[in-house]
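Given as structure tokens, the chain that follows is alone and in the form predicted on its own.
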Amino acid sequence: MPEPNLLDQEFLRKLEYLSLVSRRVFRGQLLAQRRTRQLGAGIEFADHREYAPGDDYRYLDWHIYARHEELLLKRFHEEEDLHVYILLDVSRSMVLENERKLWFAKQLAAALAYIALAEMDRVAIMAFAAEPVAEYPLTRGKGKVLSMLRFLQELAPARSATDLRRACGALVHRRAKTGVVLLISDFYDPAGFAPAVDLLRYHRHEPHLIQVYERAEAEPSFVGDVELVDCESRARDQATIDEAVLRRYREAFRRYQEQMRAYCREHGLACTQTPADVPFDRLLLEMMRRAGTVE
């Protein structure tokens, strides 16, 4: 299967379409087009508070004073750039027999970054395995789209295992400004996903978990005497696989996915789980619908 070209016109047309139909971003839900808002001295009225000595009298609401003789200060929304961090798993398990899972993850990363750059949000990408292996620095503006796509196109799979917490730790230890963290991975980390996501939450980032997997990983069908090879550690084991073993495996896989969904529900986070053989643009549109950005 040839790798799709992230720089061809067909792919770019899909990205532009996704950018046009996504309406706005709100924290903790995917990303589409919104800025983080704080109360300050911006241009959009928010509410009032009582005047205190030393306050700037230019913000007094004289209309209210004329009617009620109350000294109230106007407060306004102040817009702040949204920071979007895309953490992309390029470990051994993302390439298995072919690179379809990694290619699909690259397409998702490209689309999400494109949407953010088109709306003048700040975007950074970190590829990781056992540790960070490549980075696209924090940037802004649609003029950076082609260089970002080249970075993703040229990313090669790593020859090491997955360490989610180390990747997330690399982000927070740089004192990166808080923002939305899009964690794209198969989440095949022996330590699980929670330690990494807990770290992001503790540092006030807003994670969105995007699990990409092959259907054969969720529903294997082979039976008989086999040698099993761990795709990341390379550990080997002889086993006899029958329907009972397959049933227990499928149940364990579904249970792990449900644990991810339950964790995200508990903490108010977004979670997307998808096989790698669906059209990436269809998946993005569905994510936007669930987030309430597309009608």
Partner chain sequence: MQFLAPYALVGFLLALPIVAFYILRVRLRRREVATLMFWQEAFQQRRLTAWWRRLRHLLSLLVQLMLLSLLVLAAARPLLPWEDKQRRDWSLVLDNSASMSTRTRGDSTRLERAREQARKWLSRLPEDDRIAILVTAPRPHVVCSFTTHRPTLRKALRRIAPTAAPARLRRAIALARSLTSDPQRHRVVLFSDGCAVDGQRVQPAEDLWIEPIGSAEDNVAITRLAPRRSYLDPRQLQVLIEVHNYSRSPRRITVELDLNEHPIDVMPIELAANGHWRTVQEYLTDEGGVLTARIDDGGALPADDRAWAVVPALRKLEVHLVTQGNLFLEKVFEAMANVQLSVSATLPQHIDRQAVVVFHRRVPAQLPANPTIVIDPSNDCSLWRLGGEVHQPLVATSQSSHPLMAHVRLDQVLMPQARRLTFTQPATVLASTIEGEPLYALVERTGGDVLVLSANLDESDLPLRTAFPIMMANALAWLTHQSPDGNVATPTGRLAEFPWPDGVSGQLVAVSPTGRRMRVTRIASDRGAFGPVDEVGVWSVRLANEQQGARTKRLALIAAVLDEPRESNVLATWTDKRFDSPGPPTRFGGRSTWWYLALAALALGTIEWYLYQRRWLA
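Residue numbers count along the first chain shown, from 1. All values reported here derive from a predicted model rather than from experimental measurement.
Just so it is clear, the following notes concern the form predicted together with its partner chain, a form of the same protein that is not shown.
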In the model of the complex, the one of 120, 223, 194, 146 near its partner chain [non-hydrogen atom within 4.5 angstroms]: 223
Can you tell me if residue 227 lies within 4.5 angstroms of its partner chain in the model of the complex, counting non-hydrogen atoms only? yes
Report whether the minimum heavy atom distance between residue 242 and its partner chain in the model of the complex is within 4.5 Å. yes
Does any part of residue 156 reach within 4.5 Å of its partner chain in the model of the complex? Heavy atoms only, please. no
Going by a heavy atom distance of 4.5 Å, is residue 151 a contact of its partner chain in the model of the complex? no
Within 4.5 Å of its partner chain in the model of the complex by heavy atoms, the stretch out of 185-193, 136-144, 105-113, 121-129 is 185-193
May I ask whether 236, 249 and 255 each come within 4.5 Å of its partner chain in the model of the complex, counting any non-hydrogen atom? yes
